[in-house]
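In the form predicted alone, a lone chain appears below as structure tokens.
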Amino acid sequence: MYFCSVIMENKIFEIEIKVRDYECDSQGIVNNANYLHYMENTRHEFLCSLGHSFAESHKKGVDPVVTRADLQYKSSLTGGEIFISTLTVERTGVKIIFHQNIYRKSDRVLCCKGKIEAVVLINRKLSRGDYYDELMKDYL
């Protein structure tokens, strides 16, 4: 297991989450797929903090869709630990790119680093994503 202390980056949003025991595998560490769930939850909470409702936007035919997820696992989390999940966001063409990090709260060690790319579909067709540009204008 590799440990490295990292100074927490500039971020635009962060939340604290507690690891639930059922998210751990037989080795007693968080199963790799759960980091995707943690990052998805962070993106949803970020957008909710901006007044965005996924249900309402879906009713309008506006749907963000993840097209790529690149995760780098650095150090393991275990059951009961509290971690801080952070994000920043940028725009590249039609893509919205979320840079996300997960840090163990107790020692600020970087546990997982992610780059999540998404696009916006309007009525199931690729769009420029202007809806989200307006929503995240203070951060892009």
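Everything numeric here is computed off the predicted structure, so don't read it as measured data. Note that residue numbering begins at 1 and tracks the sequence as displayed.
There is also a form predicted together with a further copy of the same chain; it is not shown, and the following applies to it.
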Problem - residue 90 within 4.5 Å of a further copy of the same chain in the model of the complex, heavy atoms - result: no
Problem - residue 53 within 4.5 Å of a further copy of the same chain in the model of the complex, heavy atoms - result: no
Problem - 4.5 Å heavy atom contact, residue 70 and a further copy of the same chain in the model of the complex - result: yes
Exercise for the section: May I ask you to state whether residue 24 is within 4.5 Å of a further copy of the same chain in the model of the complex, using heavy atom distances? Expected result: yes
Exercise for the section: For the heavy atom contacts within 4.5 Å of a further copy of the same chain in the model of the complex, list the residues of 83-119 involved, in sequence order. Expected result: none
